[in-house]
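As structure tokens, one chain now follows by itself in the form predicted on its own.
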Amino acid sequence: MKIVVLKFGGTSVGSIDRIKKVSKIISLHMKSNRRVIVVSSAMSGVTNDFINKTKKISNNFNSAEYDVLVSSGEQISCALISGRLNHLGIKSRSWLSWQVPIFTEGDYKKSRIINIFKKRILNYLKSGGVPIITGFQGINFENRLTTLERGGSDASAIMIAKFFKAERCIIYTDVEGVYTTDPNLIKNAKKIKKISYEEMLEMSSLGAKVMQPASIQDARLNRINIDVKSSFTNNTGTLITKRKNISKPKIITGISFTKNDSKITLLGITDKPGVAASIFEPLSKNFINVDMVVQNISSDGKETDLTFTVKNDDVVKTEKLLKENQKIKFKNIIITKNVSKVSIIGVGMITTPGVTYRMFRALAKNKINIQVISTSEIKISVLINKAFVKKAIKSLHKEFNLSK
């Protein structure tokens, strides 16, 4: 049985007219001699509205009840899609996570799918039906509803594609694919035809909002090809696939950036073995994500300065934890807001010398100062003043000919 998984994001099902459009897309896939499984997000804005309600009810809303509440948005959209398909003469029904069932493990709000019971869905497919499955949710072994991280409907679709051995997994969203950078910022940004899992993972984790990083990682581990397309046009999208399927990788595939970073510098830390672990342990326990770590040791080796970045929302808590940390001693703490991380990503830089020089030269020509540098095999990130982000991206986009 040939199966295709179609996932529709919140903007794609954001209104009755859009649900009617989505239903037409599903009906067209029905004509391709493939069985169709649909995964839907909640209608745009619905989940955020539920989250705001929990904040008005309690400062410490119960996590299990939080998952029950926020997962109900997908139930609404799936019922509406199914209702429209039946109106069009296509056999369909909605499936909630517990009806499949989809099993998860982990904490509420951030569970992961570990198993999907296939028999009921397969029987329904064989009968000619189109199952509309709620994304973003599952059930744990206590028979309680759980949700995945925000954006988790992508993860639902990818794991369903894995368990049902689907030929394709198509993510329908409000953009036509993955672009070399944000087309809202750079008008000549170009749509990427093919991108590797590794590049997409870097781009999503470094600021690109097309897909959740955990979903890309799931696709990479399970070797599931993903098509990212717009539900509003008929244009081709972007294929996310393994490196071997990309015959001529570019030196640089894309540029990502962040908007909400802050730089924290600890000056005059008494240097000793384990001091970095002592600094970051309480941050980790409080779920504060640390990025772009740079350490400078004094000439006598007795003191060190440590710089790292966190999200703006975590600055106050981070400062408090550092000042209360009895395991470390430092002379001063400097917090710099209004900084942004700009990153170039591409598997081609592995075999191409001079990429770092070209990046730094392009920024220098535009009088953009680099505050922190971080690298990996396929990306180079720099921290700069937030005011220069657009100028930096424009210069790098031109330097690496990403518009061609």
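Computed from a predicted model, the values in this text were never measured in an experiment. In this text, the rigid core denotes the largest set of C-alpha atoms whose superposition between the two forms falls within 1.5 Å. For every residue, the number given is its place in the sequence shown, counted from 1.
Beyond what is shown, the protein has a form predicted together with ligand ASP; the following relates to that form.
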* Structure fact -> Answer key, ligand ASP contact in the predicted complex at 4.5 Å (heavy atoms) among 331, 150, 126, 91: the residue is 150
* Structure fact -> None of 95, 197, 136, 308 but one has a heavy atom within 4.5 Å of ligand ASP in the predicted complex; the exception is 136
* Using heavy atoms and a 4.5 Å limit, would one call residue 47 a contact residue for ligand ASP in the predicted complex? -> yes
* With the partner left out of view, is residue 42 within 4.5 angstroms of ligand ASP in the predicted complex by any non-hydrogen atom? -> yes
* To do: Using a 4.5 Å heavy atom cut-off, indicate which stretch of 118 to 126, 152 to 160, 318 to 326, 261 to 269 touches ligand ASP in the predicted complex.
  => 152 to 160
* Which residues from 71 to 90 come close to ligand ASP in the predicted complex, meaning a heavy atom within 4.5 Å? -> 74
* Asked: Would the C-alpha of residue 49 be classed as shifted by 2 Å or more between this form and the one not shown after rigid-core alignment?
  -> yes
